[in-house]
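The chain below stands alone and is given in structure tokens; this is the form predicted alone.
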């Protein structure tokens, strides 16, 4: 079957951050220094070659960009300053837009105005909606109790509806990722058993990012992991313990202590990443896409408004606490509804999924090679014929 090339592919990837691809002359230094580059995933060299050749369909089927953690060694060692690490990052953004059937990721990554505009619009609509809801059934002078402006039970229901919408987008896009990388490959002899036996890799890589820890820069791994775990901890508290989190003004230490640690992790991790991007302290921070800034600033504002709302509520200033809560929720909703399935946060799902699919693929290929070796073994044909 003929392979169709897209001669404008590099140009199309420029808005995603791929700016120096044509400088690469394939010396192989990048793949040689990468601790994770090994057959069959020889990156960054192979994806960059596909990109230069315009092999769009092959790139859509690649797991390689997700197996890269952008430690920056490849970019540091590149004699042509082709920034292979940043190209891999741009490919992850581009792949996210390909997995997304709605087209929203494509709009966000190609134009920061679309992303910021969508966040502002959803934030305004959320603030108006919660304000009207609160005025229709409660009093702004009450934060909790029977006459609460935003009762935690109602917010809890809203959270679960939002989670359902979020999961619908994420799971459907993840299914498209599977189709592009595994499902449409008719020659790949995968079995249900190989998917089941490798399933442990999904939570293992999600919660530990153990592969990232093998990079030379341990601090980046620790900061990235702390930020992710803090976000997940806060999400779990909101989804399952919101009533206890919102009660008060007394502090329920059984849940709030986890919230305090998660908030500290969010603030510290975000501050470190912002500092590194401002200072351009290493190769992975030398180039920043607009989505990187929006992602970090949004987390910082959400964490700050959450702290403010918490302090005002514990101080008995219910009117101010309700206002701060509306502002907080108006930013939480676009972060969950837009950033998680369509932008930077979606990488938390795609990367462990890629690790899992890579293992399934390796198992399938090993089984195929074992079968070929058996077929080539002397006397194998007679044995098979006798068995038949």
Partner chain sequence: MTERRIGVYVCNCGTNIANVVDCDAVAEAAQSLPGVAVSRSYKYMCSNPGQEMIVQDIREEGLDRVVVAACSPRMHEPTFRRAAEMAGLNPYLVQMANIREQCSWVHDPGETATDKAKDLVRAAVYRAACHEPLERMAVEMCPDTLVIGGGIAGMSAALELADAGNRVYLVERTASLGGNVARVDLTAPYLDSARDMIVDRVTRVVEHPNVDVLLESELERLDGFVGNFKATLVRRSSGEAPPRQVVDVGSVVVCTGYKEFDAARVTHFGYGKLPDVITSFEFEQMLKQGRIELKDGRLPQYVAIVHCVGSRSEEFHGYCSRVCCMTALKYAHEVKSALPKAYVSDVYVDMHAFGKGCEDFYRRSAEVKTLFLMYGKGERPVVRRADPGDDCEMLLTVDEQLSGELIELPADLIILMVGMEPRDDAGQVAHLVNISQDKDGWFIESHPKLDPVATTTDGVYIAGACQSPKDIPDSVAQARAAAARILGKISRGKLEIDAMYAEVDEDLCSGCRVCNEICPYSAIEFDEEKRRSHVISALCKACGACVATCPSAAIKARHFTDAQIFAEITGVLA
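From a predicted model like this one, the values you see are computed outputs, not experimental measurements. Numbering follows the first chain given and starts at 1.
Unshown form predicted together with its partner chain; subsequent notes refer to it.
A.B. asks: Partner absent here, but in the predicted bound form, which of 316-324, 47-55, 64-72, 31-39 has residues with a heavy atom within 4.5 Å of its partner chain?
C.D. replies: Single hit among the candidates: 47-55.
A.B. asks: Pick from 218, 279, 244, 80: which residue has any heavy atom within 4.5 angstroms of its partner chain in the predicted bound form?
C.D. replies: Checked against the cut-off, the match is 80.
A.B. asks: Just to confirm, residue 365 within 4.5 Å of its partner chain in the predicted bound form by heavy atoms?
C.D. replies: Because no heavy atom of residue 365 falls inside 4.5 Å of its partner chain in the predicted bound form, the answer is no.
A.B. asks: With the cut-off set at 4.5 Å between non-hydrogen atoms, does residue 369 touch its partner chain in the predicted bound form?
C.D. replies: Residue 369: no contact with its partner chain in the predicted bound form.
A.B. asks: Select from 11-30 the residues with a non-hydrogen atom within 4.5 Å of its partner chain in the predicted bound form and write them out in sequence order.
C.D. replies: Heavy-atom contacts within 4.5 Å come from 11, 14, 19, 22, 23, 25, 26.
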